[in-house]
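Shown here is one chain on its own, the form predicted alone, set out as C-alpha cells.
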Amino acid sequence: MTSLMKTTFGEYIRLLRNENELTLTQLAAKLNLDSANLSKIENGKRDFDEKRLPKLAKIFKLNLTELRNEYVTDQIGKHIYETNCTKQLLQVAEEKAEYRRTLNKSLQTQ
C-alpha cells in the first residue's frame, strides 16, 4: 500500500490500523506496546521504534522495504523540519551522501 505518503509515520500507522479495523489497544498489544505509547506515536509526540518495523509489516502484510522507506523518509523529513534546513543545505547534504556512496563503492572494489 505504501507509496511514500506525505503523512507522518504515526498518521500512516493510524491509517493502517483504521483500515484494518483494529483498536488502538489491539494494535498496541500486537506490537508489545501500551496503548498510551501507540497513541503518542500516532499523534506525532513519540517516534516509532525502528526495531518494530518487521512486526508492523507482518501485522499489516506489508513489504518491509517499502515500510522502512516510509519510516526513513519520515525521519529525514522530521530532521529537516526540526533543523530548519534550507534547500541549499539539502543540496549539499545530497552531494555528501553521493560522496559517501562513491567512497563505499571504492572500498568494496579494493
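What you are looking at is a predicted structure, and each value in this text was computed from that prediction instead of being measured. Heads up, when I say rigid core I mean the largest set of C-alphas that superpose within 1.5 Å between the two forms. In this text, residue numbers run from 1 along the sequence as written.
Not on display, but discussed next: the form predicted in complex with another copy of the chain.
- Within 4.5 Å of another copy of the chain in the predicted bound form, a heavy atom is found for all three of Glu70, Thr73 and Gln88.
- Contact annotation for Ala36: none of its heavy atoms lies within 4.5 Å of another copy of the chain in the predicted bound form.
- By the criterion of a heavy atom within 4.5 Å, Lys58 is excluded from the residues contacting another copy of the chain in the predicted bound form.
- Ile80 belongs to the set of residues with a heavy atom inside 4.5 Å of another copy of the chain in the predicted bound form.
- Another copy of the chain in the predicted bound form comes within 4.5 Å of a heavy atom belonging to Asn104.
- Shown without its partner, the chain has Lys87, Gln88, Leu89, Leu90, Val92, Ala93, Glu94, Glu95, Lys96, Ala97, Tyr99, Arg100, Arg101, Leu103 in segment 86 to 103 as residues with a non-hydrogen atom within 4.5 angstroms of another copy of the chain in the predicted bound form.
- The two forms, fitted on the rigid core, differ between the shown form and the other one by 2 Å or more at the CA of Glu98.
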